[in-house]
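To begin, one chain is listed below as structure tokens, in the form predicted alone.
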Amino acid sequence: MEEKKPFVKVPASGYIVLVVAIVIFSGLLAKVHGWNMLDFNTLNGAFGTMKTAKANFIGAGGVGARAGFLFALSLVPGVMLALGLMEIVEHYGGLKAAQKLLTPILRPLMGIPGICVVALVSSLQSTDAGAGMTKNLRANKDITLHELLIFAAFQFTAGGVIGNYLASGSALFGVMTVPIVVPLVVMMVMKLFGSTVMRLYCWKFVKEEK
């Protein structure tokens, strides 16, 4: 499948901002003192608690539509931050750099262009940030319908895998009988498997736009 847009000259700032964006969304500096300001979750921050209670503004024990609304509201800062960072990356040519450098890798591996790499890395840490970026790519016609479906299948399988695994899965690290990296590798393999299945499904059953 050919790219919709031809490659253009990428400014030096594009490569720099692409590297910075990948570092921010990957969580590599989350535990590095003094450099964790370049971590997405650190920038996203956390809500304060109500006086001495452990619960934040969402409270505890909520049910129904009201609880769902407050939970959705809590996702807004992360999505807004992710989309804002994405705009900065695009402005300085980071997405063009990603498209030029990574399309030869992502195209045969997953059937998506390199321009998706920032959203891909983000989705490993945050499901809502990755989804927001992907929606933005589609709205700007940077990816086709087929690429959207394939990319969504990759994200949906074990969503936010690194963030969720290290946060929730850490409770089981003490009793695991295999190295902690093994389940993570298995989940990553299954994410690729899920995107491959969707790629085959699209090729067989889904008609691409003209």
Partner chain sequence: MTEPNTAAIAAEKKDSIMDVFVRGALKGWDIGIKNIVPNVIMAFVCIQMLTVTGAMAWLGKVFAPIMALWGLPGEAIMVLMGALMSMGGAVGVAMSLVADGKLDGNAVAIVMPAIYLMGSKIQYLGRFLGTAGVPTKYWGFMLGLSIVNAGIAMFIMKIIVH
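Positions refer to the first chain, counted from 1. Bear in mind the structure is a predicted one, so any value in this text is a computation, not a measurement.
A second form of this protein, the form predicted in complex with its partner chain, is not displayed here; the remarks below concern that form.
Under a 4.5 angstroms non-hydrogen atom cutoff, its partner chain in the model of the complex has residue 64 among its neighbouring residues. Using a 4.5 angstroms threshold between heavy atoms, residue 24 stays clear of its partner chain in the model of the complex.
Looking at residue 84, you'd find a heavy atom of it within 4.5 angstroms of its partner chain in the model of the complex. When its partner chain is considered in the model of the complex, residue 76 lines it closely, a heavy atom lying within 4.5 Å. Contacts to its partner chain in the model of the complex (heavy atom within 4.5 Å) from stretch 126-141: 127, 128, 130, 131, 132, 134, 135. In contrast to the form presented, in the model of the complex the C-alpha positions of residue 16 and residue 163 draw closer by 3 Å or more.
Between residue 95 and residue 121, the Cα distance is smaller in the model of the complex than in this structure, by no less than 3 angstroms.
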